[in-house]
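Here we start with a single chain on its own, the form predicted on its own, put down as structure tokens.
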């Protein structure tokens, strides 16, 4: 039953149309790859230009045999890629350098290095889309795809078991009898005359603006959107599958039906301590009240490297890489005092830890950004900086 339906469809839609038009081309079929290569060399060498070779699979050497010129599609890709790079550059420059400036560690508002991945992605995207559009609309002249070769014995063979070549009647050197004699001398198994087919081209000169074609595109788009929406939002979530989208949880900033005040985000219970975290006991106090506890971390290479890394990230934007107060924020934030003053050098480690944790003047608290051990590691590294910039004479004795 199903087979009969398919045969009926084939008879209705795949039947050949009558060839009543003028001569389109003379074609020939060959049995071996060597024959088609030799034929392509002979045809191109004889001065024919409007011809083509069709094979059931790609063949090396045909380009040279046909003396094909380099395709222009590469220039399209180059121009599209350069346009994508330029647009990405201008987009990022405008967004982060002009329209919405953000101070991030004293770095320039527009920085070329982190912009390269986005520029690369937009280059590839615009180049690929433009190449596909040009191949469809310009080089292949779609949707006008009515080629006289379709639905011919020649096309059936070159897509399955034979190698074919044809020369169009529009070629300046075209002579029907001479071409048939040429193909026969080259060993062609079959030679065909291919006539034009009378197509209903519609009322529009440009097929891409044809009402039926545009209507079909819109219809296909609507049906695809409806099916995609139904599949992605309903079909995939039919019981028992919910893909963990529905869970007994509360999303941030959402209303709670459980608590009386309606807030889903709850404050920690007063008086409790989170596991692995001990609150800072001198929070909010003046630094003169801080108990002088020693730095709990040993002075090792690993600790100093960790301290340097965190100092460069969190401290250097304002204090500078060497703690001299030479801010890298280019006047966008108040410049702090140097960390090499007598006052700071005479401070105990606990006093510096207190300032990092509690904040001071315009300096905010870094309690949330920097862990406790990393704060102590920063202090070790700061002592190294102070020693390097204020070394006593004893450090130079014997050197």
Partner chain sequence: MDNIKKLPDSVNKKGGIMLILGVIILLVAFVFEPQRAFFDYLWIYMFLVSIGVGSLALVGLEYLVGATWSTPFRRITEILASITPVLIILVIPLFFGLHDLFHWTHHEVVESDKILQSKSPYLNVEFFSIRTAFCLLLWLVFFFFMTRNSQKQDLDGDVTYTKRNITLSTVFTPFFVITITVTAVDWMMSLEPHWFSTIYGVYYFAGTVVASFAATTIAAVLLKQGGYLDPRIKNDSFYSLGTMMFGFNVFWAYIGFSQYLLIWYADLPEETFWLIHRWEGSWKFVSIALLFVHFIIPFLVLVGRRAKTNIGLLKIMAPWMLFAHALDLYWLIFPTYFKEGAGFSWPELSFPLIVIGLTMILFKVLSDKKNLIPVKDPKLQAGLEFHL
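As the structure is a prediction and not an experimental result, all values here were calculated from the model. Numbering follows the first chain given and starts at 1.
What follows is about the form predicted together with its partner chain, which we do not show.
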Answer key, its partner chain contact in the predicted bound form at 4.5 Å (heavy atoms) among 175, 160, 184, 111: the residue is 111
In this chain shown alone, the residue from 128, 303, 155, 116 with a heavy atom within 4.5 Å of its partner chain in the predicted bound form is 116
request  = Spell out, yes or no, whether the shortest heavy atom distance between residue 61 and its partner chain in the predicted bound form is within 4.5 Å.
outcome  = yes
Give a yes or no for residue 328: in the predicted bound form, does one of its heavy atoms lie within 4.5 Å of a heavy atom belonging to its partner chain?
no
message: Please tell me whether any heavy atom belonging to residue 180 falls inside 4.5 Å of a heavy atom of its partner chain, as the geometry stands in the predicted bound form.
response: no
message = Against its partner chain in the predicted bound form, would residue 342 count as a contact residue? Criterion: heavy atoms within 4.5 Å.
response = no
Exactly one listed stretch (355 to 363, 53 to 61, 332 to 340, 23 to 31) reaches within 4.5 angstroms of its partner chain in the predicted bound form by non-hydrogen atoms, and it is 53 to 61
Residues in 247 to 268 that come within 4.5 Å of its partner chain in the predicted bound form by at least one heavy atom, in order, are none
